[in-house]
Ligand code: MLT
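A single chain, nothing else alongside it, follows as structure tokens in the form predicted on its own.
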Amino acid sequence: MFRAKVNDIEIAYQIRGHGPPLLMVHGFPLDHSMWRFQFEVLATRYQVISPDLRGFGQSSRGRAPISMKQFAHDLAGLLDTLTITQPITYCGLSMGGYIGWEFWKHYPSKIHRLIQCDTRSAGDSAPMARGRRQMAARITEQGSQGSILAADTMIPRLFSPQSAQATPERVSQLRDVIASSNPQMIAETQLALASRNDASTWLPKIQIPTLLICGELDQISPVEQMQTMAEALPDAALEIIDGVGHMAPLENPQKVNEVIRRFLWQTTTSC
């Protein structure tokens, strides 16, 4: 891992390859390792940057309040620190997708393609936001055991039953990542997610090539919601990955890599 001083934190990140820059942003409450099956493959033709977000993985927490906007500011700062001036392809999963909308909103000149995996544009409904606040309180009450509670609560919803049975080692590895996260950071981020912006009205203004990827059996970001997003975006394609849940890049990396590479090639040659 490399490290860079950005804003009030030290960001840990991986970077490899040469070519157009591709920024890959992990979901909640994970780290850069969720992209391990994409990193090496895509680095053969692109400069792939895969950071740990503020407070997750090996990146420090800093003092700034947690929000999707702050995460986007940190990522823009990382690109500046790395002297990456060419507009990037932004790729995010779940919370990484929420950050992606904010990145586009605040740094449109830094992005020229968007890949959003298993995510949503709408903000939380009142019941969903209430559930997040309740979970944050429970995690805080559990103290050092709060991350284990988060892992046990979240893991059953992240993988499809088929994927969980076929690749139990990937389920176990992801559980370990969540269980080893800072519980206070998990609680703070739950509150930030509950109050994040509703980006649905932004979609018609996003005039850049966009690829949406959704697991067929995703319980968190269902296909129907991502289809609605695809219809609202001016230049978007939706790819549904059969038989997988919310963690499509981990559950079927071969197919996800295929659709990402095809999108990147097609949108490069059409420019």
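Because the structure is predicted, anything quoted here is derived from the model rather than measured. Just count from 1 along the sequence shown to find any residue number.
Just so you know, the form predicted in complex with D-malate exists too; it's not on screen, but the next bit is about it.
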query	finding
Candidate site Arg120, Arg132 and Leu193: all three near D-malate in the predicted complex by heavy atom within 4.5 Å	yes
Contact test in the predicted complex: Val171 vs D-malate, heavy atoms, 4.5 Å	no
Heavy atom of His246 within 4.5 Å of D-malate in the predicted complex	yes
4.5 Å heavy atom contact, Gly27 and D-malate in the predicted complex	yes
Heavy atom of Ile208 within 4.5 Å of D-malate in the predicted complex	no
Location of D-malate contact in the predicted complex, chosen stretch of 101-109, 87-95, 134-142, 163-171 [non-hydrogen atom, 4.5 Å]	87-95
Of Ala64, Ile220, Ala232, Ile240, the one that lies within 4.5 Å of D-malate in the predicted complex (heavy atoms)	Ile220
